[in-house]
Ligand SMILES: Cc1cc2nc3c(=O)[nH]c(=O)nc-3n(C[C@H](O)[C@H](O)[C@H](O)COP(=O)(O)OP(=O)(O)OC[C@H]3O[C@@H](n4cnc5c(N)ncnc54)[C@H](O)[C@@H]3O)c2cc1C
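Shown here is one chain on its own, the form predicted alone, set out as structure tokens.
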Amino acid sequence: MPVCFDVAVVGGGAAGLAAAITAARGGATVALCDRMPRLGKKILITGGGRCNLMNEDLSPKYYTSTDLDLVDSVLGRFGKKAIRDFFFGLGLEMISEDGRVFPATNQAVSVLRVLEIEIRRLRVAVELSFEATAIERAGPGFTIDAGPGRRIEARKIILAGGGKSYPALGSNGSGYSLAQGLGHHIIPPVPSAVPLVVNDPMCHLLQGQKWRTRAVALIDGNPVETAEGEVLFTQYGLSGTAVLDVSESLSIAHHRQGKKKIALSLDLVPFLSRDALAVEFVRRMKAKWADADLTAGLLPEKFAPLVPNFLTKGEPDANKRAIGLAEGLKDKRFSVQGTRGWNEAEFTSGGVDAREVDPGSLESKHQPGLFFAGEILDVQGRRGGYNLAWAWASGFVAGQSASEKENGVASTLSTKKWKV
């Protein structure tokens, strides 16, 4: 079988771009194909349009995976200094805010532009609107089919098709079926960093209101994740940074494990201890404050009509009433019915089982010559630049591994474009 490229990268997002650049720099002839009409569309919305490139505190402890040793290995080869050097080399200046690294322009388009410039400089063959439907082993390499008359042939393949979040931007989960067709097991993907569906009158009454809280995810009554940040009350339930940061475990419990007893506890007054809050409420009650006024200066005014719901009816003792109110506000429980969908999820939890991939090279243990990069793998990072850092790092490792010379001899494969 005539092989057209040394390396074909399937998926033109962050991981795919990093992989294609690295493989081409290693001397390989590279094809980069993507199902969308342009490369890197999802990059443009990251970090609120600013592109949170990575986090200064880059460590495997901020990730979940079926194989954290793989995460450790990849970040050990391409950590925060290497990521900085990579982008400095592309001409991108960066700034750091509370550990989060952004382009100095504060525009995600700047990141995509320098990546595209390098893709062109390296003469990477780019094929857009290329919907890969099947990858098959053929002789010493692979064929990638995308419908009648569209085929790419390559000695090695890097699957970087992403997860399922924001499908309109290219990540529709199609990479999973390609991996399954090549013998890989998929950890069922579920939405992560996603708003929660909660049926509670409080959400409807406070719709549009947000403030800083502490959130605790509870499964079968046991705390599993904690985060501090904003909560946003919506018509369907709860969102905001604190909620998104603890949503992964709840999403897994609901969608993948079918658990029914999942809940979220919110500390609505995280800046005061329970005892200090109770003392303040006793003072206000003894001063004959109206029930609706008890949280004035502590919680948004929109909360005032809800205060009576947190008070023990008929309790004459001010101390007991104050303690009950303080406990209710420090541990407000919401039963979680589910999550919002893929269009509102920032990340995907699940994907190609990381235990089926070599941690040193990201090469498949089932198919020699097949490599993985990015969110298609069962590797998830916290919000704050960790998932993009994984995309750059895994893209580099996969690209470098795929472009390595065999037996010390450079490839002499044809550099013609794919067959029509």
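Everything numeric in this text was worked out from a predicted model, so none of it was measured. All residue numbers refer to positions in the sequence shown, first residue = 1.
The same protein also has a form predicted together with the ligand, omitted here; what follows describes it.
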Residue (of Gln107, Gln337, Ser174, Ser73) lying close to the ligand in the model of the complex, criterion heavy atoms within 4.5 Å: Ser174
Answer option from Phe281, Phe78, Phe87, Phe130, heavy atom within 4.5 Å of the ligand in the model of the complex: Phe130
One stretch from 65-73, 23-31, 38-46, 358-366 that, in the model of the complex, holds residues within 4.5 Å of the ligand by heavy atom: 38-46
Non-hydrogen atom within 4.5 Å of the ligand in the model of the complex for each of Asp6, Ala19 and Gly399: no
Heavy atom of Tyr166 within 4.5 Å of the ligand in the model of the complex: yes
Pro103 within 4.5 Å of the ligand in the model of the complex, heavy atoms: no
Distance check, Gly162 to the ligand in the model of the complex, heavy atom within 4.5 Å: yes
Touches the ligand in the model of the complex: Phe347 (any heavy atom, 4.5 Å): yes
